[in-house]
Ligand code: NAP
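Just the one chain here, the form predicted alone, laid out as structure tokens.
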Amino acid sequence: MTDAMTETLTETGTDYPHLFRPLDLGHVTLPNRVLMGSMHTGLEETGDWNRVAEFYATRARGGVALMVTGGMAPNREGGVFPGAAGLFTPEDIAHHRIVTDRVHAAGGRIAMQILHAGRYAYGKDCVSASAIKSPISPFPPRELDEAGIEAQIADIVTAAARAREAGYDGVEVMGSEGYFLNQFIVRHTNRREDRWGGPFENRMRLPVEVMRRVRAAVGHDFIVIFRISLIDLVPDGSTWDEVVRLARAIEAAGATMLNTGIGWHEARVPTIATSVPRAAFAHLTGRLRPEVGIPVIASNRINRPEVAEDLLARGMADMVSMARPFLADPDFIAKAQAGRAAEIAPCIACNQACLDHTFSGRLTSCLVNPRACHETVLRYDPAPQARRIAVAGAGPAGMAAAIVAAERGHEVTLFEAADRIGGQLNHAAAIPGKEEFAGLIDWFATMLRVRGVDLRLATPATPEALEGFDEVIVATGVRPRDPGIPIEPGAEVIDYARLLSGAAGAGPRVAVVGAGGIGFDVAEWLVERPGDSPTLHPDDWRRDWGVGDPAQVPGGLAPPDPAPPTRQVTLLQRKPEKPGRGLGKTTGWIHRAALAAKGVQMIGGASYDRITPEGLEIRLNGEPRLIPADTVVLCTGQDSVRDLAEALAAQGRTVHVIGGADVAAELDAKRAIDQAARLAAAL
């Protein structure tokens, strides 16, 4: 480290000196090393440009150095879906100017991502290098001819020029994740034999030409980021030598920075879900960095300031990209810089309100922060009159309600019958791959203290204890449901709550009754090494999923080699369909694949006769069958715990019932926290 650098680090005066070291890009200096990565939120498609502007301006006020918008289509056929936003008309430019003006007024900088979806575009007019249909789209693409390729280049360049006209500080050209430019780069999707296909110098021609022409169109005082795929995780993907050759060519063509992309959307390896280790792919950024002379940005599962600081301090990147952490907390940077990192609401990478919403055509939000993308409609304004509020139950709903109400100026007392907070979140945190939930519980504890909530643990809320409060919120949660299956003497039967809390163990052969989210979580807990989650050991995780070295195998796709399961597990459900169909849209496949790799047998359409010391007797298609099991774990739903609410109602008192106590259908922290926040915002 040079003396000048040491001086700069000392001057930052924070716990994260590398994170807050300015980055000189020539014509502009960024105040810190954090990029808010691109996220498609659906806000632009609402047509409410004040709402779009406030989303980005809120993050600018929070201190992020540079933001990248969700992908803007350069033309209609390149849109991710019909009607996807872009800069097609003067009116579009005026709308985007509302966003950039608001961001600049807040002291921030913003770049527009240009995203041509290629064969990933959800429409019959999609185009690509070759007419090879994507496995995640029903529409086969049209193979572009020479004139068609030139037209696509021209549209991308026009989009960049219009972005500058709209007031953006730069653009990001999307060249990774299996989108249009990436489709030309690899043999997996490029079977052409003309000057745009065949040898690598031809396959990389399109992204390099796009970069060269974009730079010529926007001038040198404009940020141009290229999103480059470091590991495709698909067959016939790029080799490491090809990645380096492309990076150098993109630099020579005029890129300001290289942002790293990891995996294609069709890859059968998770890359951003909560079970992926933190910074699992940053070693590849560290490998690329010395190969080029422009800043390189690390991405994927970087969600804490200490993780980012470590990567920067070790020279693994010049900058870090964090996207969804800014949904969870728009003030991430300001809190880290002020020494309040414990107050940063953590992104737990659950995908439930962000990616699951996006791929279902709904507006993005965040399980942890319901205000994300709702900044103008869900407000925590100071209460006109402070009131005494009692909250019964310190699960996610109760804690969220208490924190928001206290933030608004109310005097809040939170009662919890157990000796710790968290409720059902404690069960989630016990699951291998869901360790991030422990951090969420820690954050709730911090915020209850910061907001001055009077927390009373090991203190059940009773009607008598709730006398004198102006408002009572009942968030007493759920209890496991008894399915009523006959049990013979000597059979070992437990419910999921007793298992995950450590109150009971399980034998070497286990039948799990119920294949909803809890059933899958329990099966995961049963087959993994106790207390030794692969998510905490990146090398083990990469081996389990078949993540290899792109220097040794094209695309970095190696044969998976999962560790053997610790138990023999059978997962059953009554519904006559494939178990797991009701899981999250973007994470369900991960859970199904993980259990299949551990040899878990998954059975749908089972009816349960009885549980015996020998196992679980069922019927499949009317035929009797024994599932041998030493232990049967019941994951058969929940019932709302409403005793307190009913007792108060019987006294004629008005109460607000939220969370699982209101609706017990599958454990749903997203719904519980959102409901709690909206109630507390209205009190």
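Not measured: the values here are computed from a predicted model. A residue's number is simply how far along the shown sequence it sits, counting from 1.
Only in words, not in the display: the form predicted together with this ligand, which the text now covers.
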| property | result |
| --- | --- |
| The single option of I231, A515, I473, A121 touching this ligand in the model of the complex, heavy atom within 4.5 Å | A515 |
| Option touching this ligand, based on a heavy atom within 4.5 Å in the model of the complex, out of Q573, S176, T535, S134 | Q573 |
| T58: touches this ligand in the model of the complex, heavy atom cutoff 4.5 angstroms | no |
| Distance check, P140 to this ligand in the model of the complex, heavy atom within 4.5 Å | no |
| Exercise: Q352 in contact with this ligand in the model of the complex, heavy atom 4.5 Å | yes |
| This ligand contact in the model of the complex: C635, any heavy atom under 4.5 Å | yes |
| Contact at K434, P483 and G519 by this ligand in the model of the complex, all three, heavy atom at most 4.5 Å | yes |
| Among 610 to 618, 637 to 645, 650 to 658, 47 to 55, the region lying within 4.5 Å of this ligand in the model of the complex by heavy atom distance | 637 to 645 |
